[in-house]
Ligand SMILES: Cc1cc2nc3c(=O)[nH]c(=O)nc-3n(C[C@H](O)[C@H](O)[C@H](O)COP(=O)(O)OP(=O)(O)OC[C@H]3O[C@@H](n4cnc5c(N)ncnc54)[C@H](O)[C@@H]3O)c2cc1C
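This document opens with one chain alone, in structure tokens, the form predicted on its own.
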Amino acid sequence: MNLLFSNDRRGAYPPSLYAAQNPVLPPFAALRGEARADVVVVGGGYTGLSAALHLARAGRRVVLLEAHRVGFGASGRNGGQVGSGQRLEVDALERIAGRDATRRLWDMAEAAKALTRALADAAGVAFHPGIAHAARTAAEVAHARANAERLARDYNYDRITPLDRDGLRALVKSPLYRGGDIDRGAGHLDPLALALGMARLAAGAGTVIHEDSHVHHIAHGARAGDKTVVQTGTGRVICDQVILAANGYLGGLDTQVAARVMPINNFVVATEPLGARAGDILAENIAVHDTRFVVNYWRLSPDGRLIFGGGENVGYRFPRDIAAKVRRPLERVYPQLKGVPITHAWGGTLAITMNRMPLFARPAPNCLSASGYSGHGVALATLAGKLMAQAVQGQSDGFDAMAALRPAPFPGGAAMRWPLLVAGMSWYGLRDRLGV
């Protein structure tokens, strides 16, 4: 079974609020017959679209192959949060990589935010500043304060303000949290609008995009300089280099990546427009995420709906009733919304790694891959595409800096990763419910 075709109608966007409110692009024709390219990009999300855009702007002949529609996967379904830093906080990264490497990784993440904002601006997608981090315990509140102080002192980042219980409550109208912080240098946007805008930019720069073109086999060249053949059900492309940008939907295209990157499913709902009640949810147009292991995240849409994500599962199938699954954490966070009508409910597949840092890899002499953004991918996936485009052109410093953090394989590799992760997620889910 393939996650690409397990939960969605082929070639159709999921029933999300984003798909309902964004005019989709006219379909790009499927690949037919044989084509040639300098670079083939597999996957039409942020990573693939960014790579294709930057390569096309550099004058390379680029073919992008997408099994469904551009922005079909996690790039068009997520919470739209453009966060600061890497997925791990700087104290954890310093223990793994040291202070100098962590400073470089922080600066790269700041560049990722700037790149994402620039592409959003070029595509006409509004960016709204501000992400609050909601902490459940006194220890988490203290950690948030220490992290803000460390970033200001050691990383020259002073955009985060620690918040006590009253300070957070003034912004986030939930009784569940004891404090946290607000990052005014982060923000949120419409994720599908960004993906569609990046596709327009990539096509305008000369990228040849083929939708409904599922890649099922890649014959890599044995040595650098050998040609690679990328095969779909209706055609093939002969190229010099391949970029794998399918993230949680990679399937069996590369077993080395699959052993280190785990697809998981996450779920989102949108309520009816809340009208005047929206002010009783968030005091400002910010996004929020909390400190649960299975994180809750939310923001308001331009028409005043609550877009709320919560709940995960591992495996191929989404739950039968997504709205019911997400309603439970939504009503715990906002008991004042008990029974609120939910108009849209959808799921999506992202990918995580063992250390929650993305996997940058060279699976073959003429192949680059980036995936496993672990829920922190809007900006980092966009940067990953640019870094791979630069590496194709011989400028691999940024790619190599990320590749040095190579996550370990999941225990048991690709074959056993799901049952073992189910056990681990069940344990952490219990801790969330107990408030540990």
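Bear in mind the structure is a predicted one, so any value in this text is a computation, not a measurement. One rule holds for the numbers: they count along the sequence shown, beginning at 1.
The next section is about a form of this same protein that is not shown, the form predicted in complex with the named molecule.
- Per the 4.5 Å heavy atom criterion, the named molecule in the model of the complex is contacted by stretch 213 to 221, the sole one of 213 to 221, 357 to 365, 109 to 117, 163 to 171.
- Asn266 is the sole member of Thr228, Thr353, Asn266, Thr207 with a non-hydrogen atom lying within 4.5 angstroms of the named molecule in the model of the complex.
- Contact with the named molecule in the model of the complex holds for none of Asp290, Arg327 and Tyr334, as no heavy atom of theirs lies within 4.5 Å.
- Contact between His376 and the named molecule in the model of the complex is found at the 4.5 Å heavy atom cutoff.
- Interface residue remark: His68 is counted as part of the site for the named molecule in the model of the complex, having a heavy atom within 4.5 Å.
- Contact check for Gly311: no non-hydrogen atom falls within 4.5 Å of the named molecule in the model of the complex.
- Remark: Ala148 does not count among the residues lining the named molecule in the model of the complex, judged by a heavy atom distance of 4.5 Å or less.
- Of the residues in 71 to 87, those that come within 4.5 Å of the named molecule in the model of the complex through at least one heavy atom are, in sequence order, Phe72, Gly73, Ala74, Ser75, Arg77, Asn78, Gly79, Gly80, Gln81.
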